[in-house]
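Only one chain is shown below, in structure tokens, and it's the form predicted on its own.
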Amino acid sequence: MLDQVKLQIYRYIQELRDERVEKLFVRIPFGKMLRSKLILQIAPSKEAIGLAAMVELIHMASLLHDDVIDEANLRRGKPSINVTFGNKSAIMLGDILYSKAFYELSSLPAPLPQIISNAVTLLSLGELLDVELARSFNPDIDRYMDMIYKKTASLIEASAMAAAQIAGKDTRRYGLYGKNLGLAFQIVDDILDITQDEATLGKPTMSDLKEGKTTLPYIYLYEALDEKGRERLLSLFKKELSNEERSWLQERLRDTKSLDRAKQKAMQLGQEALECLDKEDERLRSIMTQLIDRTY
């Protein structure tokens, strides 16, 4: 059914009747389509296909804006739109995708538009908080968790809630599953930024710290280091790392078990999510397990 979601997305783009938009849009690589998989698993129906396509447009729009803010050169291993066509084109394409998604959402029955649009507001607030936190090293776990909930997990949570609404299921339980799925997804992403190579990630290793993102492994590392170690860690924030500095970080992250703690946090969130599900929801259990155990 994911192919049907992609076809619906292309239909939405073609309805805009603008060759420039089509030219830009085909340069955006599709990702894992986690939100669509979640929606279709909870509510396998024609209505869910349309909803998934709208959510994917919103997600793509947010990534276009995110790449401009982060000055990113790559997106999923390919040159980002902002690098190839400029920041203005990336921002405007993002605005167009947002607008088209909201236009289509407006045709859905309540409370579906409200569920999704509220998540987009949270997503934008999360992006703003991410920008604020990037000004200096953030050792506060609560602020980090608030940011990743708003920026990443809120739309995944809303996707699960909206799908449950379509299927006549408990929106609260499925919303909690989606929220924890999103939180775990982001934490695993933050771990992979440290542990995987550029070829696997589609972006440079340890790019988060250079971009001013104090992710959970670095917060745990900060807590575990002595004063001298903390001073060195802070000196590497938003810096182009040398091989020696990268090796120092990776060794300390391993020795202090900061990476292990972050993985355990993701697993804890995953377990809490699975406790919300009925025993027959094996596919949703599989989605969570695969997400936590993934290597890319």
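The first residue of the sequence shown is number 1, and the count goes up from there. The structure presented is a predicted model; accordingly, all values stated were derived computationally and were not measured.
What follows is about the form predicted in complex with a small molecule, which we do not show.
Counting only non-hydrogen atoms, choose the one of 217-225, 81-89, 115-123, 164-172 that falls within 4.5 Å of the small molecule in the model of the complex. It is 115-123 that comes within 4.5 Å of the partner.
To verify the annotation, which of these, 269, 61, 42, 53, has a non-hydrogen atom within 4.5 Å of the small molecule in the model of the complex? Exactly one listed residue reaches within 4.5 Å, namely 61.
For the three residues 70, 151 and 213, verify that every one has a non-hydrogen atom within 4.5 Å of the small molecule in the model of the complex; reply yes or no. Checking in the model of the complex: 70, 151 and 213 are all within 4.5 Å of the small molecule.
Any chance residue 179 has a heavy atom within 4.5 Å of the small molecule in the model of the complex? Residue-level check for residue 179: no, no contact with the small molecule.
According to a 4.5 angstroms non-hydrogen atom cut-off, is residue 127 in contact with the small molecule in the model of the complex? Contact check for residue 127: yes, within 4.5 Å of the small molecule in the model of the complex.
If you check in the model of the complex, is residue 138 within 4.5 Å of the small molecule, heavy atoms only? Outside the cut-off, so no.
If you check in the model of the complex, is residue 66 within 4.5 Å of the small molecule, heavy atoms only? Looking in the model of the complex, residue contacts with the small molecule include residue 66, since a heavy atom lies within 4.5 Å.
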